[in-house]
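Quick heads-up: it's one chain on its own, the form predicted alone, in structure tokens.
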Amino acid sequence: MIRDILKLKRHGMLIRVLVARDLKARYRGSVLGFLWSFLNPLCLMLVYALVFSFYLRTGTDKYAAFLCSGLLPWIWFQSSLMEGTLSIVGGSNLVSKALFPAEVLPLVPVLANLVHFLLGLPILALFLGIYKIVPSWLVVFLPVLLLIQLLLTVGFVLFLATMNVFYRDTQHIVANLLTLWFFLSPIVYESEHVPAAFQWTLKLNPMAYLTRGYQEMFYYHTLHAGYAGFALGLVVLLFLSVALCLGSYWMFLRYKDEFVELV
């Protein structure tokens, strides 16, 4: 497996070409093109801001900035899982080629959606500027948080892409579970609003740690009580993400030879 991981470095150019192709194909034929990278998350954020600011009031101050700081990374995670689950089945014409490295296919949607996430950061900067919010000093750790989410997402995508080859129900289960996962994560509400009896669900939710990390960087000005425990949780999440990534990659390589017959 270590040898195969090192081989991925030699496929760097192929991965870049496939990511660029994915980005171009996504908005091919549209008038606004890459502007949709800004408009899609902006429209989604405005809908949630309208609902939870006026219809179902959460009581969170400067809600649009709070929402945007957690919604953008979630869009990256959700889109990557939904597209990555279908990556092997959808790329059957490439998988069937003997010399094509099938392991690059699940990486493409993750990296393409990472680009969309980075392109969406100006929207977050816009709302922070409107509310005159200055990001905290923790923003210097943004690359670390991005790395943790990247490893976690790749781990899930490799596992789900493999499962979907054998059980096509996986793609439907993932779509429904992501809806539940979204509302179990403190994105449209603050983690303090969760009743004490259900706080344990946040401790078991990796996206709760990541979402809170982005919120601490961009929205909050002061460290909250128990932040040391939260930071420790992120460190544990980093090691778990590495373990998930390696375990899923091993599973992918274990069954890769069977993909051609099943897709």
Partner chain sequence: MAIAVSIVGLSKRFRKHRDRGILTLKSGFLRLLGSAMGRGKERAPGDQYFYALQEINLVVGHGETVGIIGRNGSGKSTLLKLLSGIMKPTTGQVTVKGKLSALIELGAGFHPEISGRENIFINGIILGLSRDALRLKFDEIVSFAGLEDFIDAPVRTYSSGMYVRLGFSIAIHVDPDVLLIDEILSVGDEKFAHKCIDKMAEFKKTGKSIVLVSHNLGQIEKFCDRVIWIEKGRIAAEGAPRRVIDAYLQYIAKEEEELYAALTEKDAIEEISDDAKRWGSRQVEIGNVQMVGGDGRERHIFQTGEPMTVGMSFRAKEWIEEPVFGIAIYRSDGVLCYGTNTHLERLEIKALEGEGRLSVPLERLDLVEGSYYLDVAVHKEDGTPYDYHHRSYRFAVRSTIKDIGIYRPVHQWVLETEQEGKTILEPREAHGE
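Residue numbers count along the first chain shown, from 1. Keep in mind it's a predicted model, so treat the numbers as computed, not measured.
As for the form predicted together with its partner chain, it is not shown, yet the points below apply to it.
- Residue heavy atoms within 4.5 Å of its partner chain in the predicted bound form occur in exactly one stretch of 183-191, 75-83, 159-167, 145-153, and that stretch is 159-167.
- The shortest heavy atom separation between Arg57 and its partner chain in the predicted bound form exceeds 4.5 Å.
- Its partner chain is not drawn, but in the predicted bound form it has a heavy atom within 4.5 Å of Phe100.
- Contact annotation for Lys24: at least one heavy atom lies within 4.5 Å of its partner chain in the predicted bound form.
- Among heavy atoms of Arg28, some come within 4.5 Å of its partner chain in the predicted bound form.
- Comment: its partner chain is not present in this chain, but in the predicted bound form one of Leu128, Val174, Val95, Leu138 has a heavy atom within 4.5 Å of it, namely Val95.
- Though its partner chain is absent from this view, in the predicted bound form it lies within 4.5 Å of a heavy atom of just one residue from Leu14, Leu246, Leu240, Leu253, which is Leu14.
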